[in-house]
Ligand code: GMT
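Heads up, the chain below is alone and in the form predicted alone; it's given as structure tokens.
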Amino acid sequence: MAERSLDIGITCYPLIGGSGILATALGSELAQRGHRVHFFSSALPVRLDLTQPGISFHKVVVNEYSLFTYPDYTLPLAVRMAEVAQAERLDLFHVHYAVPHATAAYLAVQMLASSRAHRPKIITTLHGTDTTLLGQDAGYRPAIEHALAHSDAITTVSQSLRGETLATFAIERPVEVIENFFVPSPRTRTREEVRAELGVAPNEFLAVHISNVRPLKRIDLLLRSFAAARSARPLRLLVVAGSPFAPYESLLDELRLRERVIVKEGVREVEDYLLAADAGLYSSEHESFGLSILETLFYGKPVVAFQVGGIPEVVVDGECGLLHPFGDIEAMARSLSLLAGSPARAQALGANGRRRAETYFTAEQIVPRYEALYRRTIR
């Protein structure tokens, strides 16, 4: 007998970032498998298609009162989640990030319990910031531990993050690793068309960097690594920035990179730019997983990156990319130069990366693991 479809509430940040993109893709895949998915956020999540059957969006309205120094989001979110859970009889809340989403889910369940209404289970997925940043803050850590203690299941996106989480918080229940996945969109333009739009000549080697360019992404080290690379083949860098690049404009001038670096801000669909690139260049100080790196591998591009966090779980050094100790700018530059000067090596590493991505990090591999977790939890 086929198992029944589920009613699932997903709470995530609407900003361009790995957690929101993963949550949106997961919701879409779940809806395609016959489940009913309800999204909660302060704005429409990036890449969420409301025309897809089985998808609903519930906007959380935050009112500003002079009584409060800062607007409160957690309470309106909890109320909205409770309202929809009761009306739609949700089986579970799958919240991405503990702060504030797991806390809001716990409050919502408590409100439902007080009215003797149906109570959904809570599954919390940690993506990094809860552990690596807020977990180090004594003003947040007890609240995060409380939210995790009242979650019915906890997942992280890498073994690295799982280890950090267990070292940071007092958690009694198991923490399961379910990695990120990526679903490539259909290509709308050719590689040649995109490179022509960017002003990149056919003989130029184009490295790409995709991120929200926040401090942990270390754009300063990215630009310094690129500036230090030397090759007989002209080198260009494309930065696909999910937030304003303005803080780093002066560094472009300092390093004399103004004519060699292309910046595209606010891009939602990155596939065309990955198709146009020859390699990925990533300089994060910490990555819980590295979704942009996975996207780069899916398009058959080798990756040069620092060997931090969960990146080695995605990129096998020497097989589908070249990894270096954090901060070793010269090593990053040498690897970029090597790939530019050896197209055959770059293509071989890229092909290995695509095979790895398609073997381990597809929706077909990952989504059934979430479905199995959901069913175990509600049983």
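Please read these numbers as outputs of a predicted model, since none were measured by experiment. In case it trips you up, residue 1 is the first one in the sequence shown, and so on.
Only in words, not in the display: the form predicted together with this ligand, which the text now covers.
Taking this ligand in the model of the complex as the reference, which of Leu90, Ile122, Val303, Val157 has a non-hydrogen atom within 4.5 Å? Of the candidates Leu90, Ile122, Val303, Val157, Val157 is the one lying within 4.5 Å of this ligand in the model of the complex.
Just to confirm, with a 4.5 Å cut-off on non-hydrogen atoms, which of Arg236, Arg80, Arg162, Lys217 contacts this ligand in the model of the complex? Exactly one listed residue reaches within 4.5 Å, namely Lys217.
Would you please decide whether Leu291 lies within 4.5 angstroms of this ligand in the model of the complex, comparing each non-hydrogen atom pair? Contact with this ligand, yes.
Any non-hydrogen atom of Asn180 within 4.5 angstroms of this ligand in the model of the complex: Judged by the heavy-atom cut-off of 4.5 Å, Asn180 is in contact with this ligand in the model of the complex.
Under a 4.5 Å heavy atom criterion, is Gly18 part of the interface with this ligand in the model of the complex? Looking in the model of the complex, residue contacts with this ligand include Gly18, since a heavy atom lies within 4.5 Å.
Can you check whether Gln86 is within 4.5 Å of this ligand in the model of the complex, heavy atom basis? Residue-level check for Gln86: no, no contact with this ligand.
Tell me which of 280-288, 140-148, 244-252, 109-117 has residues with heavy atoms within 4.5 angstroms of this ligand in the model of the complex? Partner-contacting stretch among the options: 280-288.
Check each residue of 45-75 against this ligand in the model of the complex and list those with a heavy atom within 4.5 Å, in sequence order. Result: empty, none.
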